[in-house]
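One chain comes next, on its own, written as C-alpha cells: the form predicted on its own.
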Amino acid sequence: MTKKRILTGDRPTGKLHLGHYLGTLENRVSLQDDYETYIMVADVQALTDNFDKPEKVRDSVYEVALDNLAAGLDPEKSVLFVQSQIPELAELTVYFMNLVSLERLQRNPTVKSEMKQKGFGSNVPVGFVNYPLSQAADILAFNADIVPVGDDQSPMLELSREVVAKFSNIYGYSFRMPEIMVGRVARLVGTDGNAKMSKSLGNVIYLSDTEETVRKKVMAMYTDPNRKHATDPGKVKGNPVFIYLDAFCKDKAKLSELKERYAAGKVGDVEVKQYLSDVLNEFLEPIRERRRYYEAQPELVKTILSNGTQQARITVAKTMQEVRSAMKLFGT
C-alpha cells in the first residue's frame, strides 16, 4: 500500500524556535516513520520580503536544515530539499496564477496581517501577495495528503483546496486534496506575553539557544502583571510561564501542585521561572546534542540537502508531466 505523503516547509530567515517546534516540527518527526515526508527549505518564498537581503536567506538555508535535523528529522526517512533548486515549482505557480484573482489573494487574512506587520501598503511586492499561491504549488506539486503547519497557515491550505477544485474542473486532472495538521499547541505565546512567538518581535526561545541563554530569557518573561509580592495570589490562566509549562512539562502532578501554590500565593515567580528553565533545558538538550553532531559535519548537511533535492525533483517531475498533459501544453 502506498504511503500517504506529507509536504511542509520553513522560510529560511533565521533559526527556528520553540513555537515552530510545537506548531510543525514535532508533527514532522512523529509522522516520518509512517508517511512519505518532504520538508522544504522555502528560500524563494523567503525572498518575497527579503529580496534586498539575499545573503541572509542563503545563509539561513543551512541553519534551517540544522534545526530540522537537530529536532529529530531522519534523512533516511524524510526528504529535506531546497525550493529554489526545483524550477518546476515556479512553473506550476505561474499556471495557478491564472486560476486565482488578485482580490482573492489580498483577502487572505495571514497576508493582510503580515503586510501590516511589515509596513507594506500599495508598495507591496507582487511576490509577497502571491506567496500563498506559491505555497499551493509546493503542496500540490508533491500531491501532499497532509500539511503540518501552524494555525496561521490554515488560509493557505484553504486556497490550495480551492485550486485543486478549479484545476480539476477546467483541466480534468485531480491533485490530491490536502488536509491541514496543526500542532498540539497551535500558537505559542512569546516570552513577552505577545499572542505569537515571532523572530521579528524578539520574543523567542530558539532551539539552538544555550542553557544560560534560555535561563536569561525565562527569567525575563512576563507573568501576572497584577502580582506585586510572592505572597499575593497569582493568575495561572493566560500566564506565559504556565503556558510554557503546560506545553513542555512532563511531570503533570508537580505542575498541578505548582499551579495550586501559585494561585494561593505560596510560591514566587522566581521559583516558577527556575523550574521552567529546568524543564526547557531538559527538553532542548537532546536537540542541542544532535545539532552539535551535524554542525561538526557541514559537508554531510550539504549532501543531505543535495540528495534530498534530487529526490524531490524526481517526484515533482512526475506530477508536472501529468499537469502539462492535462493542460494540453505544446509537446505533450
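All values reported here derive from a predicted model rather than from experimental measurement. So that there is no doubt, residue numbering starts at 1 and follows the sequence shown.
A second form of this protein, the form predicted together with tryptophan, is not displayed here; the remarks below concern that form.
Of the listed positions (135, 191, 223, 78), a single one reaches within 4.5 angstroms of tryptophan by any non-hydrogen atom in the predicted complex, namely 135. When tryptophan is considered in the predicted complex, only one residue from 66, 42, 284, 276 comes within 4.5 Å through any heavy atom, namely 42. Using a 4.5 Å cut-off to tryptophan in the predicted complex, not one of 309, 316 and 320 places a heavy atom inside that distance. At the 4.5 Å threshold, heavy atoms of residue 9 reach tryptophan in the predicted complex. Residue contact with tryptophan in the predicted complex: residue 143 places no heavy atom within 4.5 Å of it. Contact check for residue 218: every heavy atom lies farther than 4.5 Å from tryptophan in the predicted complex. A residue is said to contact a partner when one of its heavy atoms sits within 4.5 Å of a partner heavy atom; residue 85 fails this definition for tryptophan in the predicted complex, lying far away.
Of the stretches 171-179, 201-209, 149-157, 90-98, only 149-157 has residues with a heavy atom within 4.5 Å of tryptophan in the predicted complex.
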